[in-house]
Every structure is written in structure tokens, then in C-alpha cells.
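First come two forms of one protein chain, each written alone as C-alpha cells, so that there is a structure 1 and a structure 2.
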Structure 1
Amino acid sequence: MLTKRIIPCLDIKDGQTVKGINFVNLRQAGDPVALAARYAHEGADELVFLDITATVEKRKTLAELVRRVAQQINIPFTVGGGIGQVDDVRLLLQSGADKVSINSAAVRRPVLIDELAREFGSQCVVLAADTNLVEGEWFVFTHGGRRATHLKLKDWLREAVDRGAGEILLTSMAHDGTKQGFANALTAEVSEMLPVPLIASGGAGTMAHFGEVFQEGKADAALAASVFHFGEIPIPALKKYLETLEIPVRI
């Protein structure tokens, strides 16, 4: 069985790591370069860097900051925010990213997924989906969760994978930052539906929540932010806990 991955997420605004609840009420959480170095040292399996206001502010991802983070880590590194074309991805890969995460630009122009998969390989393309329940149906949101779309989540994810997305980063906006647990039922549905790895995001508050998202949610990886940034859950302790549940992890 493949090992389950633990992935800290650096949400970046104005060059600093921030964290909010349900995508709003952001507060500072520290220097991204220092946090990245700490997570690599503590045994994180991967790192995700999301420039959360790049799309809203209509600008590119902070390539120089990506370069500084990449110099501090030796684990796979995914970068997202403000990516709209092949050249944006080329710059980020040259700056030290291993994969890119796309959301708003892919919704706006789905053929972008095809272009990136063809140019860099599916393993490089992570499709991020921010989703919320609207009248009993999960829909996709863009622009950092600010803008609703008419896309039904499952239809969009199937299309994205058909176009070449090699991994899905699924965030339940209703669970984000609440520390009440992941959206396990939704995560399991999506995981069983798709042939690519699924990263669950939104709602981590306790070590038990990670166990649940792997066992009940059938996730391949679990992403979290504030519980790691503020030292509430040390990654080495989390992995030892998951081992006691016989969940395979890299120690």
C-alpha cells in the first residue's frame, strides 16, 4: 500500500504566511521561508505554497519567494496562485517548484489543463477545487473562494482528469479553518470516483481527524495549515499516531 502523505500548506498574502476560517478573517502565521525549512526538517512529505490573492489582484505568483522557499527544502513542492499560461509554470519550475496547482484559470479556460499536461506531464499538474454546498449540491468556487460558478464539482473533476490533471487538491470551504474535521464523506466519494491521487484539505484540528480522512475519507494525502503553523500538531507526533492506526506513513 502506498504511504499516506502529510502536507503543510503555506497560504501567502503580501509575502507572509496567513490563515483564516472559511477563507476569510486572515491572520499572520509567520515567515514562509522559515516555516518551509521547519516542515522539511520535521518530516513533512510535501509542501504546498498558495499565493492566495494573486488571481484576485490579477498578478503572477511570487517567483522570487518561491525560489527562496525551494532553497530550504528537499521535499516535493507544489505552487499555485495566479497561474494562467504555460510560461507561468515554466518560470515556477525554474524557480524550484516540482508541481503547480491551478484553479481559477483552469475553470476559465479548461484547455489550460491539456496544455500543461502536454508540456510538463500530468504528474506536474494539480487541479485545486474549492467547493461548497449550494442547495444540496457541491459546486466549484474560484478566486480564492470569492466567486461561485455553475460547475458541479464531480463533473468538473472528471473533466479535469480527462484533460490531464494528475492529482486533485480538494478543499471544502465549509470546513476550512474550523478544526472540526475534514469533509470525509465527500472526500471518499471523490476518491473512489477518480483514478488519480486525492489531497484532502479543510478542517484539520486533531490527530484523529487525520486518521479519519485516511480511513473514512480514503484520501491519499492530507493538507493542513494552522495546526502545523502554530505548533498544535507536531508532524513527527502525528506520524507516530497514524502508525498506531496501521496507516502507512513515511517516518
Structure 2
Amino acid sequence: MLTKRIIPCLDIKDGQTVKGINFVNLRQAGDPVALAARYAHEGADELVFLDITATVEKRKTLAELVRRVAQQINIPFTVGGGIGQVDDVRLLLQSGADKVSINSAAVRRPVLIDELAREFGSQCVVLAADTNLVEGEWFVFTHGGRRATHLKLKDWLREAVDRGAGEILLTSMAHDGTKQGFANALTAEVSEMLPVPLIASGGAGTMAHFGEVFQEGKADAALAASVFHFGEIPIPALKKYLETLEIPVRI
């Protein structure tokens, strides 16, 4: 049986992790390569790197970083942030990334999804969507959640999958950073509606929250950042906990 995936997310700026990291015995706390290796060793099922580097010229730093990470780890990893065209993706894949996640650029130009799926295959196209409730309806937001769009979430996700997205990374902005749990009802609705795997993101604070997003939220994978970075939830302990709930995990 396919296991539920646990995915740590690293925010990267200029080749370093942005948030403070609190791993014991890790000298270069900000070094994404060391962190990636550590997470892989601890049993992370995949990794996501989100590049928040503002300037285009510094993007080359990202490809270099991807190459260094790919040389170190042998679990799948996804790179996102600022990807706008086919050539951006080619460079990242040639550097050793397995998948890319696209967000604002796909909203601006949806045919980007078709282009990427045709060129590299759906399996490496992750459509990331940030969403929030506006007068009772879930809408898509772009630019790190700062910009509202007219797109209704479910319409957009259906379109994205039709265009060739192989996976969805869904972040509920109202839950993100709260540590009060994932948006389980929304996650379940979206997961059951779509034929492709769904990664839930935003709101992880306790091990129970992960159990809930898999059982109630029907998510295929759960992504989190700070609870892993600060050592609040060690991945091995999380997986053991999920196993006691009879949720299939890779141990």
C-alpha cells in the first residue's frame, strides 16, 4: 500500500536556509545541503526547496545549490520559487531536481503547465496553490499570498490537472504558521475531487495534526517547515506515532 509522505520544506534565500534552524550537532545550521542530508537520513520521504531569492541573477545560485543537494541525497526533491519558463525548469532538472513546483507563473500563464508536462512529463510538475476564504468561497492567491486573484480554487485545480499537473501542493493561508492544524475539510474535498496526489501544507503544530490531515483530510502527503527545523517534531517519532494510528508510513 502506498505510504503517506512526510515532506520537510526549506526556504532558501541566496543559497542559504532562511529560518533559524535548531538541529543539535549541526554546525552549519544554515547550510541547506547539510540539512537535506540530515532530513533524508531521518526518514523524510521527500524534500521541498522553496527559493525566495528576489533577483534573477541570483537564481544561478539555486541551480548550484540543487546540484550540491542532489549529489548528497537519494530521495526525491522538488524545487520551487520564481519558476516562469521551460528553460528555468530544464536547468533545475539538469542540476538534479526531480520535480518543480510552480505557482504565480502558472496563474499568470496557465499554458506553462501544458508546456512543462509535454517537455518533462506530468510526474515532475507540481502545481502549488495558496488559498484563502473570501465570502465563503476558496480563492487562489499569488505572489506568496500577497495578491488576490479571481480564480476559484477548485476550478483552478481542475484546470491545472487537465493541463498536466501531476501533483498539487495546497496551502491554506489562514492555517499557515498558526500551528493549529491543517485545513482538513478543504483538503479532503480537494483530495477526493482530484485524480492526482495532494500535498497538504500549512498549520502543522503537533503530531496529532499530521494524523488528522491524513485521516480526516485524506491528504497523500503533508508538508511542514518550522516544526521540523526547530526539532519540535522529530521525523522518526512522527512516523512511529502515525503507525500507531494505522496510517501507512515508510519506517
Partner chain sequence: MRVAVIKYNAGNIQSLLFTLARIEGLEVLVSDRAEVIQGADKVIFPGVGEASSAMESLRAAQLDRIIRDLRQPFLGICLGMQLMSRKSEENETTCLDIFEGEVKKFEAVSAAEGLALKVPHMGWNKLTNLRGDLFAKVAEGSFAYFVHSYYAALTVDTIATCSHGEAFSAALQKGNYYGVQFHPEKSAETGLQILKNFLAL
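Under this definition, the rigid core comprises the largest set of C-alpha atoms superposing within 1.5 Å between the forms. What you see is a predicted model; the values in this text were computed from it and never measured. Here, a residue number simply tells you its place in the sequence of structure 1, counted from 1.
- Assignment of forms: the chain in structure 1 is the form predicted alone, the chain in structure 2 is not.
- Superposition of the core reveals a Cα shift of less than 2 Å for Lys239 between structures 1 and 2.
- With both forms fitted on their core, the C-alpha atom of Lys13 sits 3.0 Å from where it sits in the other form; this compares the forms between structures 1 and 2.
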